[in-house]
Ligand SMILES: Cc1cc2nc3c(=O)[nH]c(=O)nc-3n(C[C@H](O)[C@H](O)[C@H](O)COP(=O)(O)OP(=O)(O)OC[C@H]3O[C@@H](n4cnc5c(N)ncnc54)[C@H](O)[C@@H]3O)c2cc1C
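Okay, here we've got a single chain as structure tokens, the form predicted on its own, with questions on binding and movement later.
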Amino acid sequence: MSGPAYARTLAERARAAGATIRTNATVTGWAGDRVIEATTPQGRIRVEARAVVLATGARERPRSARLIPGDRPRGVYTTGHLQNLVHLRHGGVGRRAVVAGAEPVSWSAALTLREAGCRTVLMTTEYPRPEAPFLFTVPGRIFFGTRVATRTRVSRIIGRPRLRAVEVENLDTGERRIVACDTLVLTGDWVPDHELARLGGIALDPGTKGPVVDGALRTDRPGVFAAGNVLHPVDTADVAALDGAHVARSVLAWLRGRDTPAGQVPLVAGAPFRWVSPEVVRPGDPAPPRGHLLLWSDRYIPFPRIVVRQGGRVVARRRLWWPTAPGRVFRVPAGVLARIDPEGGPVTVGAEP
């Protein structure tokens, strides 16, 4: 299915289930533990609920947040901005593009550029290999005729009032070169849209920068849950939708008066992982969404051995047959936590070759 068709299908199912969908509406704050205020074209509204699910997703960091020096010309986009311009507003871009990033979303940007008549001449990534899986990268190079430059970054933007070129730096040698282009797309480098959680005083994880949740996707505010890419950067739309199915069961349990299980065990990301989600497990809770822990690795390991430690001892070791790779979520079966002690303190999940 195309992205728009997929979105329409979910919207139709939500309406058929009785949901009211408010478009062009922005939640601006909280007026109580489970009371939100929103601004709509019809004016400001206040919604009181017995349960609230935060599903605000994630966004790519723009040029300002990435601190890329140089000029400020037209022709610099994030993937979301590019796709909105091309697919929704049917606008045009340039003829020759550089894409910063080599994640799956980077190839999605290249596809959008191609539909707009713009050739992607170069992708850059700071990692030793592209972040996207082999099945994206090899066909993408052939189909788009795009070179992927590893261990590089865009170090300067050149051109006024329109982009003329970018400076690309080799991170190993320090060598810099100028690449002529009239379009630059900044892909990846995701951050959760966590402003509403932060305004509500909900605990945030410093690694994911999203709300801290347990296996049932509860936050630390009773009756407030979170699901999808607001929890961590970043997974695909279909996986985020499966988070919605998981959190719905937790919301129904809350509405029926089921109490949150007592006690909790914090999960901590060990090397080479940057973060782990969920951040808390509770005795008696169901397994996390899809039965997996989600982690983000800063290192490529082809067939990692997962090591789980608690209180200075190893409680689980398991070899997995898929790689840890920067730029994409790594999944670990939640069964590695089967032998942890509910009273034993924090649990660290790491990996080794």
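Keep in mind it's a predicted model, so treat the numbers as computed, not measured. Note that residue numbering begins at 1 and tracks the sequence as displayed.
Unshown form predicted in complex with the ligand; subsequent notes refer to it.
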{"query": "Of G101, G215, G228, G140, the one that lies within 4.5 Å of the ligand in the predicted complex (heavy atoms)", "finding": "G228"}
{"query": "Selected contact from V281, C118, V105, C181, since only one has a non-hydrogen atom within 4.5 angstroms of the ligand in the predicted complex", "finding": "V105"}
{"query": "Non-hydrogen atom within 4.5 angstroms of the ligand in the predicted complex for each of T125, T152 and L163", "finding": "no"}
{"query": "Any non-hydrogen atom of A19 within 4.5 angstroms of the ligand in the predicted complex", "finding": "no"}
{"query": "Residue contact check: V234 to the ligand in the predicted complex, 4.5 Å heavy atom", "finding": "yes"}
{"query": "Interface membership of G57, the ligand in the predicted complex, 4.5 Å heavy atom rule", "finding": "yes"}
{"query": "is_contact(T26, the ligand) in the predicted complex, heavy atom dist at most 4.5 Å", "finding": "yes"}
{"query": "Candidate stretches 63-71, 26-34, 295-303, 45-53, one within 4.5 Å of the ligand in the predicted complex by heavy atom", "finding": "26-34"}
{"query": "Any residue of 62-96 that, in the predicted complex, places a heavy atom within 4.5 Å of the ligand", "finding": "T79, G80, Q83"}
